[in-house]
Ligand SMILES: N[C@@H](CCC(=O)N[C@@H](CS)C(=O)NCC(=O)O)C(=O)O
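So this first bit is one chain, no partners, the form predicted on its own, shown in C-alpha cells.
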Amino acid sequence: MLKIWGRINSANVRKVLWIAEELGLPYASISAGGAYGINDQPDYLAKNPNGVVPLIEDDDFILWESNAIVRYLAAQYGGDSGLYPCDARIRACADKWMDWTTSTLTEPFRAVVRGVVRTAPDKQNWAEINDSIKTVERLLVMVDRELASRPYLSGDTFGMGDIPMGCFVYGWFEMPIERAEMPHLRKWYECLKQRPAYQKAVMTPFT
C-alpha cells in the first residue's frame, strides 16, 4: 500500500494527498514533520536526506519532492484520466505552473501564513504582513489572467498543473485578510471546492 509521510497542514503534503484522492488510491497517511517530528530521525533521513515532508513509499519505491510525487502518481496510476497529459506541450504547460508555484509563490505566501496564522495576535507585524500580501497579489494577478482564457491551469480540463496552486489558493481565500478581487481565480477556486478529493485532502483546518 502507498504510504504518504507528512503533516496535513502542509501545502506540499496536501498536494500528494489530493492527487492520491483524485486517483482513488488506497494509502496510509503517516503524520510527520512539524510538531510530529519523525523527519529528523535516522530511519526517515535514510529515506529522505533532506529531512522534510512529504515522502512516499510505493511498495519498494521511495520518492520525495512534492511536485515529483504528484507527477509520478498521475503518470503511474492516472491511466486515461487526463491528470497526466499525454501531449508533451499540454504537459509542459502544466509543469510550468506547478514549478512556478513552487519557485516563485511559495516564499511570499509562507510569509503571509506565518504572520497571519502562526503568529500570536499580540506579536503580529501588520506592516510586514501587508507587504507580503501585496507581493502575493502581484503574483496571483498572473494566475488570474491565465484563467481568463482557460478553465484550468492544466488547460481545458483539470489536471496535475492545478494541484500545487490549488493547495495555496485554499489558504489565500480562507485566511482572514483583505485581498484584491480576482474573478477568474475565484471562479477556479469555487470549481475546485466542488471536487470531493479537494474537500477531503485540502480543505482541512488551516493552521
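Here the structure is a predicted model, which is why all the values come from computation and not from measurement. Note that residue numbering begins at 1 and tracks the sequence as displayed.
The form predicted in complex with the ligand is left out here; the points below concern that form.
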item: Site test, 115, 132 and 135 vs the ligand in the model of the complex, non-hydrogen atom cutoff 4.5 Å; value: no
item: Residue 53: touches the ligand in the model of the complex, heavy atom cutoff 4.5 angstroms; value: yes
item: Close approach of residue 155 to the ligand in the model of the complex, 4.5 Å, heavy atom; value: no
item: Contact of residue 29 with the ligand in the model of the complex (heavy atom, 4.5 Å); value: no
item: Residue 96, heavy atom within 4.5 angstroms of the ligand in the model of the complex; value: no
item: Location of the ligand contact in the model of the complex, chosen stretch of 176 to 184, 145 to 153, 61 to 69, 159 to 167 [non-hydrogen atom, 4.5 Å]; value: 61 to 69
item: Interface residues of 158 to 176 toward the ligand, as seen in the model of the complex [heavy atoms, 4.5 Å]; value: none
